[in-house]
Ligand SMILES: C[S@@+](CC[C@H](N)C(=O)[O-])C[C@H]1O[C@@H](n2cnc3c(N)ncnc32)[C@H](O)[C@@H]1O
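Listed next as structure tokens is one chain, alone, in the form predicted alone.
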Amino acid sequence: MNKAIARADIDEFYSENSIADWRAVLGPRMHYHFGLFRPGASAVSDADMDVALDRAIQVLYPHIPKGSSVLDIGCGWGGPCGLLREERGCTVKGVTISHAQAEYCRSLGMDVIHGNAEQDSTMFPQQVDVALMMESLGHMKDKEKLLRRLRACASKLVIRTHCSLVPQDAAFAGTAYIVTPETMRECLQRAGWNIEVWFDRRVESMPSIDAWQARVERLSDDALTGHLKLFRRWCAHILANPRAWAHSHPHLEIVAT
């Protein structure tokens, strides 16, 4: 869709737009992941989207015990961290490659580290109850290596991740590496994880694209730069043929022990 972003510049890619512009697109909790809508959702309002974004985390609560310790890898702007702390009483440590995201999360009292989870495993706790990745695993180039590191420190793995029936070596301007469901399963198994839940959430999550596009279109032309400009193009690309895109891009919810 546009010039690929060098891996060294991904921090800036996720940090360059203003907090106000991100909040206008992501909503008050700043969830940067797909929402989950109830069957038959259409004509999505901002309020519907905000509920669906929270629900995307809340449906995972049966797999995240109250009061558990959680490592949120690719924690973004802290939406999941905040909900897990408020509604589950969890102790959450977040990791993000974006310095702006880390600073924002810390301003809200969250325990968040700025760093590259692929390159530095020393930032991981020695032991946690749950390792969480909300649509961040696709950004990891060597998925199996990271999953092995997590196997050494986490009792449970809770993931929601995008896959593709045709592998994409450098999607989203070179920031994502999207594998097939078969490859994802093999990576998990080779890393020593026993898969207990494997479920495609794509149908429930698709209305998110309409909601995001509507929010992005409200931004001023000056705001539509960098990451948000690419985000708008990505939404438009999907909405050009949403049924075909949804069919070829499973949205997997995975729980493993």
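Owing to the predicted nature of the structure, the values given are computational and were not obtained by experimental measurement. Start at 1 and count along the sequence shown; that's the residue number.
Below: the form predicted together with the ligand, not depicted.
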| Hey, in the model of the complex, does Val197 get a heavy atom within 4.5 angstroms of the ligand? | no
Self-check item: Residue contact check: His33 to the ligand in the model of the complex, 4.5 Å heavy atom
Solution: yes
Would you check, heavy atoms only and a 4.5 Å threshold, whether Asn116 touches the ligand in the model of the complex?
yes
**Study point:** is_contact(Thr161, the ligand) in the model of the complex, heavy atom dist at most 4.5 Å
**Key:** no
Within 4.5 Å of the ligand in the model of the complex, heavy atom basis, the matching stretch of 82-90, 181-189, 98-106, 147-155 is 98-106
Residue within 4.5 Å of the ligand in the model of the complex by heavy atom, from Cys235, Ala24, Ile10, Ala246, is Ile10
In sequence order, the residues of 122-138 that place a heavy atom within 4.5 Å of the ligand in the model of the complex are Met134, Glu135, Ser136
